[in-house]
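Only one chain is given next, in structure tokens, and it is the form predicted on its own.
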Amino acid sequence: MKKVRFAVIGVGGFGRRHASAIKCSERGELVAVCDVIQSRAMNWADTFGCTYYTDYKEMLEDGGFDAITIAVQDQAHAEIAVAAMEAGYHVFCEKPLALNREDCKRIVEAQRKTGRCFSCGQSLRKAECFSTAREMIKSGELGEIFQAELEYSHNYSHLKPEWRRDPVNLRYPIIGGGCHAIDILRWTMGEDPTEVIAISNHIALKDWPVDDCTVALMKMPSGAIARVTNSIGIQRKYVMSAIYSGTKATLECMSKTNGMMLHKPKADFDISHEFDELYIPISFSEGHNVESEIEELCSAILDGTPISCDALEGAKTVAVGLAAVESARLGGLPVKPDYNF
């Protein structure tokens, strides 16, 4: 069986998950890892049984692989992704695609120019709860969607990497982590917000250089109203949830669970005013299904199958986040996302 040979750039955290997913893949083969910290590169190369590098440029020049995965700080995504595609390699890049419009545009243009396969790691598209929600919306089972509420919240106070709080390359939470909620909104609804109205505050994590809580209202082309909430200082466990309210039913789904709730009027609703609550069991997803993302990229490279979230899709999600940041900066004035990349 022909396999896709991979090199992983960045093995400080997510990159190790990339490497593990590749090692478990029937269609992938790990041949190299790269990290600027030599001891870490050596250690994980030994663990995974592959070659190591400390300079990604040297690695790209040496070659011997077909694709790379990128799991480094967000502000470095564009430089590495563009260099890799121009050198002839396919790319899997962690989310968000980039932190600003210029870098997103560079990546999209490089993919168009080179024709390389590119996958942006919006991993929640692989969670069964959200893929099921998407199918139920498309089938009309919920009726016409008029309201969607999504939340992506974490407590980042314990996180060590300083690049997340870089005062120069600002990583706004609504883009860095909240991109999951924005992307799931776009993907499940099958449409892109036309206008964003957002407010934010800076109360929970005062030592961070950016606002830590954002609430954004979004107008959808269908007429639906969406609300995306994002916090990095919330005092609870991680949450990624979505509630879709339609004219026939309401669906509640949440990552890291093994079930969804569907609310529908009872057959005698006109008399009882009561609802049936149907529990829909699903396979548990811890939220980052890297294995499925690697398999998707392998299939795209070997079979020519489509990629769910390519460079343009990743850029559009960032565009919505940027609109939310700008709206909040303007005190809640409406901003139209710019999807022209």
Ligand SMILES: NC(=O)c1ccc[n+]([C@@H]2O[C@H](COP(=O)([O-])OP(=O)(O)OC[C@H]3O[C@@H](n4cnc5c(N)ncnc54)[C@H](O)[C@@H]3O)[C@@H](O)[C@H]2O)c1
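Nothing here was measured: the structure is a model prediction, and the numbers come from that model. Numbering starts at 1 and runs along the sequence shown.
Another form, the form predicted together with this ligand, is not on view; read the next lines as being about it.
- For this ligand in the predicted bound form, the listed stretch (101 to 109, 218 to 226, 242 to 250, 71 to 79) containing residues with heavy atoms inside 4.5 Å is 71 to 79.
- Listed residues 116, 171, 125, 186 were compared with this ligand in the predicted bound form; 171 is the one with a heavy atom within 4.5 Å.
- Note on contacts: among 66, 313, 295, 35, the single residue with a heavy atom within 4.5 Å of this ligand in the predicted bound form is 35.
- The shortest heavy atom separation between residue 12 and this ligand in the predicted bound form is within 4.5 Å.
- Though the partner is left out of this view, residue 40 does reach within 4.5 Å of this ligand in the predicted bound form, counting heavy atoms only.
- For residue 164, a non-hydrogen atom is located within 4.5 Å of this ligand in the predicted bound form, even though that partner is not displayed.
- A residue is said to contact a partner when one of its heavy atoms sits within 4.5 Å of a partner heavy atom; residue 52 fails this definition for this ligand in the predicted bound form, lying far away.
- Residues of 77 to 116 that come within 4.5 Å of this ligand in the predicted bound form, judged by any heavy atom, are 77, 80, 94, 95, 96 in sequence order.
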